[in-house]
Ligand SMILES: Cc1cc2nc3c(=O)[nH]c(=O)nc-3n(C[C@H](O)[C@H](O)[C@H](O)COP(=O)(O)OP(=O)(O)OC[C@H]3O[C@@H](n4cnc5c(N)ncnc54)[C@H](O)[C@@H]3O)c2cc1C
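Taking the form predicted on its own, here's one chain by itself in structure tokens.
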Amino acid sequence: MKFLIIGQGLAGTLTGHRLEEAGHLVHYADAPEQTAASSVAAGIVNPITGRRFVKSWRIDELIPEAKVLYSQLEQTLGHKFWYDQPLIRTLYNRGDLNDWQARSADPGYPEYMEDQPDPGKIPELTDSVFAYAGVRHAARVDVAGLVQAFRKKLIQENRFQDEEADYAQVPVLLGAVAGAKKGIKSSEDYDHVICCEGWRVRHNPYFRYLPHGGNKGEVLIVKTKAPLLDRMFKHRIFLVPLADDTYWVGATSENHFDDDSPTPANRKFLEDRLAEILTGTDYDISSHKAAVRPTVKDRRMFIGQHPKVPGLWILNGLGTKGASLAPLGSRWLVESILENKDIPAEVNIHRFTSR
């Protein structure tokens, strides 16, 4: 079968890889000169989240699925994308410590929670805190590197087009969606078109009825003059080691915003938080970036086939946890298309009624 994927961010890349591995021909199209969340994200895989220290949704399935798929892509593309990195987080007071210890006694939690972790060099570079807690099985995915490496391969194979989608060219012909993209020849009929546009999906008339949301995040990239930490640190914001003594610092979170550009106010917020953390070393701010994450009001992905247009599919709404959600979400989508398997009801777009 032939597929067209609109949007070659993380969701589109993983979905296309799965289809290609199954022996199908996949073309890709992506809008030019727009900042995708995939290019800004740190790719944090965090099993324990929030102030209540709750296990991430389906994390017991998500991590094994992610490791397998990212490992496959590492072999295919010849680059490393998955990095096992311990996560150390601050406990601010006795109440936090009591809550952490109580939660770590709950069934299914001890695997992911550590009361007395090794903080590495974090105490040398930061102010002292009440206590540290450790999150096991945390990781970082080089999302931007993965998307870029995959795109390079697609361009070499002449299967990528850097153009806006023209949704007016999505007629339905006997169950096949044809000519869904400018630049795709009218004779190029696709058995399926999959929409993975991220925040840009709000312009897609076919899926406009879904309750799309957006969350703008801003981050700093910082280079220190001290040895690189070998673990991630959360102290109000994340400090994530990348390479060459460089760190990802963030992120802010805004549900109401005017555009996807970085703002002076959020830069100051991040700089102030960073100054609270890195007190034991000098550093330089290399860049300040912003992007909009696609979100869903019930915090579950959008996966499924359009209720009135056979062959037109969506995978979207990955939010802040795309690095962990996309591998499993892409499998559910591909298995539904190729094997007619049911998509879990909690992420199936049929939970919302088309208008």
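Worth saying up front: this structure is predicted, and the values here are computed from it rather than measured. One-based numbering along the sequence shown.
What follows is about the form predicted together with the ligand, which we do not show.
By the criterion of a heavy atom within 4.5 Å, residue 219 is counted among the residues contacting the ligand in the model of the complex.
Put simply, residue 321 is close to the ligand in the model of the complex: some heavy atom of it is within 4.5 Å. In the model of the complex, none of the heavy atoms of residue 194 sits within 4.5 Å of a heavy atom of the ligand. In the model of the complex, the ligand stays beyond 4.5 Å of every heavy atom belonging to residue 330. Taking the partner from elsewhere, no residue among 77, 82 and 237 has a non-hydrogen atom within 4.5 angstroms of the ligand in the model of the complex. Look at 247-255, 99-107, 83-91, 114-122: in the model of the complex, residues with non-hydrogen atoms within 4.5 angstroms of the ligand sit in 247-255. With the partner omitted here, the residue from 229, 165, 146, 278 that has a non-hydrogen atom within 4.5 angstroms of the ligand in the model of the complex is 165. None of 223, 136, 151, 267 but one reaches within 4.5 angstroms of the ligand in the model of the complex through a heavy atom, and that residue is 151. Residues of 37-61 placing a heavy atom within 4.5 Å of the ligand in the model of the complex, in sequence order: 37, 38, 40, 41, 42, 43, 44.
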